[in-house]
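First, one chain by itself in structure tokens, the form predicted on its own.
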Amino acid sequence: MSVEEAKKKAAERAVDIVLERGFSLIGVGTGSTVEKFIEELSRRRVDRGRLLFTSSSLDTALKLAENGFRVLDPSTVSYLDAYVDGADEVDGDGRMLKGGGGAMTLEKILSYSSRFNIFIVDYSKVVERLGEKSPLPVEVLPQALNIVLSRIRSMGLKAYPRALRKGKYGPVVSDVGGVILDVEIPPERSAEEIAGRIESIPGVVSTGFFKGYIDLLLIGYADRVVEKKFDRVKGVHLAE
């Protein structure tokens, strides 16, 4: 079964929903599945003058602009009609690990400010336990890097700055200036518990653990899309 085809199926269904519901101010996340969403939206006959976008990263903003869409800076937006994003992992309760693209802080902010959140994944991202395939991303103020690393490691966890694969030496720095760490989640421990403890450390901006942010989850397979509805958790929904 083709993962790329599964991503495409989920992205196509997300575009259907965005257009059917008439959303006009839309936030878009970061990642390969979101790229499929932008590609599919660009192929449709849509009134580009009616749609406004904001994004969680410069990379996504550039892709939207290159396809003729109007893009607002997140700092100018107080709410969104809808937010569309992917995930690195999602479990049966709708909890997610995000941040593979290093943009989880703005992803959290935008999904918090959205009236309706659509998350799109391919079947390979569905897991029984968060941390099976992906580490927990953590964004840290540069000045607190060694303090936070030492504290996380004192919790018996493996943690390391994420390194760029090409283009620049050194750790990955997010669009908002934080250093991205990756923390391995042992099989016997809970991602939620670990994220909660890490988020309490001064100097940590945010983690890639998301709970209660999904309104609609679209899981793509090569021949179909499975739709799962969730109830947003009180406290992670600004746009009411």
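Predicted model only: the values in this text are computed from it and were never measured. Note that residue numbering begins at 1 and tracks the sequence as displayed.
Omitted from view is the form predicted in complex with a small molecule, to which the following refers.
Visitor: Of the listed stretches (110-118, 164-172, 141-149, 80-88), which one has a non-hydrogen atom within 4.5 Å of the small molecule in the model of the complex?
Guide: It is 80-88 that comes within 4.5 Å of the partner.
Visitor: Using 4.5 Å between non-hydrogen atoms, is Lys125 touching the small molecule in the model of the complex?
Guide: Judged by the heavy-atom cut-off of 4.5 Å, Lys125 is in contact with the small molecule in the model of the complex.
Visitor: Would Gly102 count as a contact of the small molecule in the model of the complex, using a 4.5 angstroms cut-off between non-hydrogen atoms?
Guide: Result yes; Gly102 sits at the interface with the small molecule in the model of the complex.
Visitor: Does the small molecule get within 4.5 angstroms of any non-hydrogen atom of Ser55 in the model of the complex?
Guide: Because no heavy atom of Ser55 falls inside 4.5 Å of the small molecule in the model of the complex, the answer is no.
Visitor: Determine whether any heavy atom of Gly27 comes within 4.5 Å of a heavy atom of the small molecule in the model of the complex, and answer yes or no.
Guide: Answer no; every heavy atom of Gly27 is more than 4.5 Å from the small molecule in the model of the complex.
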